[in-house]
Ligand code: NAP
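As a starting point, one isolated chain is supplied in structure tokens, in the form predicted on its own.
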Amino acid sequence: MNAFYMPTRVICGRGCVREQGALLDPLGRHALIVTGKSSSKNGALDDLLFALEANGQDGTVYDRVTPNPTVGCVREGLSLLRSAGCDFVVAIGGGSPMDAAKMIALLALQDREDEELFSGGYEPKALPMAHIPTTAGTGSEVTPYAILTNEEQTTKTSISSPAMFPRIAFLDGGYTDQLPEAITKNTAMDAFSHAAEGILSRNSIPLSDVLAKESLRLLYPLLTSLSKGMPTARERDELLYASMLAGMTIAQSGTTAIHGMGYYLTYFYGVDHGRANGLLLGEMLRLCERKNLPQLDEICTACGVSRAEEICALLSELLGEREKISEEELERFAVMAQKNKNIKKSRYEPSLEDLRVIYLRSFGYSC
């Protein structure tokens, strides 16, 4: 049986937060605004505060979210939400503020001890949320997932609940106009990885594949353009839209071994999440080619290329010089990644040797 569920209302267009801010009114009377420091610079926070004031709503800002949010970060935000009397949550930012916001909204109605946060089994209830992405890559504004740093397991771990779907997502490409080159490229590779992994997932369905292929159709030429220079305003808008489509894809299919492997690069070496996916994706596609996965042809067709090697070459150009990580460390990551739940979600489940080869070749080692 196939089923697709995506309850988030998506509003697209520059200026949409101010123009459609009345949509926030039914969510509550006092928002906890979960964000980082950049939202005050790109205009998103000002636009949200304008909309809240126009509705007669209050807002309390929690702007201490750091990349790869921790349980401590979520606890701090949750404490502020309770002391301020907030009854809904608005996230502004990339994946980290959106992840933190989801967990704050979830735990506000069903708190747990720290050691139980990653055990799953949450009830389908959370405070209402609206999300305003300011990067084009995570797609978290349309997914039921939050990813937190898991110190006990020395990795990042995904937590899932239908209650973590935001009620509303406002997509304004203008908030991404001033993103630096590295962030623009890394987030775009994240979105591309989501779309490709959606097709390579055991949990994909025909509708999620339609979304994934449309995302790839848009993203591949945009990535090609990014390899030559910074995007135009129109391309920024398209990147944000394509990222949202890729988010809708993984909301159904989930992610695969690429994400499971990438988490260790982020946890131990601080590699940006999207870049970590990009570093591993090329060798994963080559593995799919060696294993004759028919889904690889679907990915290539959606991108408008004849061979996966063209995708690998583009990713390599975008990535530039690779990080310096020893063979011993990469082989250790392969052993650790073998236990990650994402590995089993891949249509072809990589063996330990497959994981080892992907890690080593991704960083220039021969094997």
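Just so it is clear, the structure is predicted and the values come from calculations on it, not from any experiment. In this text, residue numbers run from 1 along the sequence as written.
Keep in mind that the form predicted in complex with this ligand is missing from the display, and what follows is about it.
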query	finding
Selected contact from 278, 95, 77, 260, since only one has a non-hydrogen atom within 4.5 angstroms of this ligand in the predicted bound form	95
Among the candidates 147, 296, 171, 106, the residue which, in the predicted bound form, approaches this ligand to within 4.5 Å (heavy atoms)	147
Contact label in the predicted bound form: residue 185 to this ligand, heavy atom within 4.5 Å	no
Partner proximity in the predicted bound form: residue 213 to this ligand, non-hydrogen atom cutoff 4.5 Å	no
Contact test in the predicted bound form: residue 201 vs this ligand, heavy atoms, 4.5 Å	no
This ligand contact in the predicted bound form: residue 190, any heavy atom under 4.5 Å	yes
Region of this chain that lies against this ligand in the predicted bound form, out of 201 to 209, 138 to 146, 77 to 85, 284 to 292 [heavy atom, 4.5 Å]	138 to 146
Residues of 266 to 289 having any heavy atom within 4.5 Å of this ligand in the predicted bound form, listed in sequence order	273
